[in-house]
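Here we start with a single chain on its own, the form predicted on its own, put down as structure tokens.
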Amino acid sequence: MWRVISRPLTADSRMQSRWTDGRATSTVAAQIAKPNDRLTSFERLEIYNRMYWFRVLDSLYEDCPGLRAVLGDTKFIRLAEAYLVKYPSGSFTLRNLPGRLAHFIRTTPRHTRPHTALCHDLARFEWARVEVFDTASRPLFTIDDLLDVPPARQGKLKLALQPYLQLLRLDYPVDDFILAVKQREAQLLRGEASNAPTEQRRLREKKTKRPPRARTHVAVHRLDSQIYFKRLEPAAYRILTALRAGATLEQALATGIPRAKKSRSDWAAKVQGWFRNWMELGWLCRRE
């Protein structure tokens, strides 16, 4: 039954007439479902086959506005169909559906050429937003917790990061691109509500400009049940990833702060500001 339902549809969104071994699919359907006075066995199963594909494709469509903007709807649907054939839904929840999309794009680049690197970054970023939304949080690390540690031992302190916090090192500034895509979609919605066909046509024809390549570090996080993303300086990103990997505070600072002409004392105010901000945002938590 599952093999029938999850099998890809034809180009005109119908159930395939031939089974994988060349038999008529109607023969296979007759072994699974009985006909009734209105529908054949094939037609009854085709309803579920179409429902499955329309639902999973619609879910990916909603989860991946950035990918859609780069590829266009037709090419995006072809990518989504190929991905779901390779990695069909294996969970009770559609939440997990795009979890392997970035891996699929990287290992099967023919669906996203010539923008595979950009699409890979977008898939990672859009999956990070899903992860941030409902991954668990842990008790915050506070100033009181820091004061409980003797000053001589603070350098050896190991801090943990919230499990939901996603740290991304990207080749493209996809955070700005996603904001531009969302703004365009909001304008389209307002245009539909205003019944202004000329303005609506203009907005549909105006595509969001693809971003140029530029190394970007981003934290995707949540605050008061809302998802946000925040640019990070490379040193801040290195410090946070070192802390997540289990480094002590002293080791993380040594990893993050570059060895340059500036002395490490010149970084003190900047790093203090970062940690103050991270604590205000609730990124730091107690290590179990």
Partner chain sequence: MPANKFNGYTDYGIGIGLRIPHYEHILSRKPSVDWFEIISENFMVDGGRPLEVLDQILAQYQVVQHGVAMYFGAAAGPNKEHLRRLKTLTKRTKTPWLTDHLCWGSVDGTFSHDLLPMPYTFAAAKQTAANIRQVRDTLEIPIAVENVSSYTEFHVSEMTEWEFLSEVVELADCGILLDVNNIYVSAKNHGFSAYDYIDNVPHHRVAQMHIAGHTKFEKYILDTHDHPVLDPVWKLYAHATKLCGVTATLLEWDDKIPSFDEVHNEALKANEFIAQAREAKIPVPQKISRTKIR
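Remember, it's a predicted structure, so these values are computed and weren't measured experimentally. Residue numbers count along the first chain shown, from 1.
Missing here is the form predicted together with the partner chain; even so, the following discussion is about that form.
J.: On the criterion of a non-hydrogen atom at 4.5 angstroms or closer, are Tyr228, Trp274 and Met279 all touching the partner chain in the predicted bound form?
T.: Answer is no for this spot.
J.: Using a 4.5 Å heavy atom cut-off, which of 208 to 216, 111 to 119, 72 to 80, 86 to 94 contacts the partner chain in the predicted bound form?
T.: Going through the listed ranges, the match is 86 to 94.
J.: At the 4.5 Å heavy atom threshold, is Tyr61 in contact with the partner chain in the predicted bound form?
T.: Although the partner chain is absent here, Tyr61 would stay clear of it in the predicted bound form, with no heavy atoms inside 4.5 Å.
J.: When the contact criterion is heavy atoms within 4.5 Å, does Ala236 count as touching the partner chain in the predicted bound form?
T.: Taking the distances in the predicted bound form, the answer for Ala236 is no, it never comes within 4.5 Å of the partner chain.
J.: Using a 4.5 Å heavy atom cut-off, state whether Arg55 contacts the partner chain in the predicted bound form.
T.: It does: once the partner chain is placed as it appears in the predicted bound form, Arg55 has a heavy atom within 4.5 Å of it.
J.: Using a 4.5 Å heavy atom cut-off, state whether Ile143 contacts the partner chain in the predicted bound form.
T.: Judged by the heavy-atom cut-off of 4.5 Å, Ile143 is well away from the partner chain in the predicted bound form.
J.: Along 38 to 52, which positions have a non-hydrogen atom within 4.5 Å of the partner chain in the predicted bound form?
T.: Contacts from 38 to 52: Arg38, Leu39, Glu43, Arg44, Leu45, Ile47, Tyr48, Met51, Tyr52.
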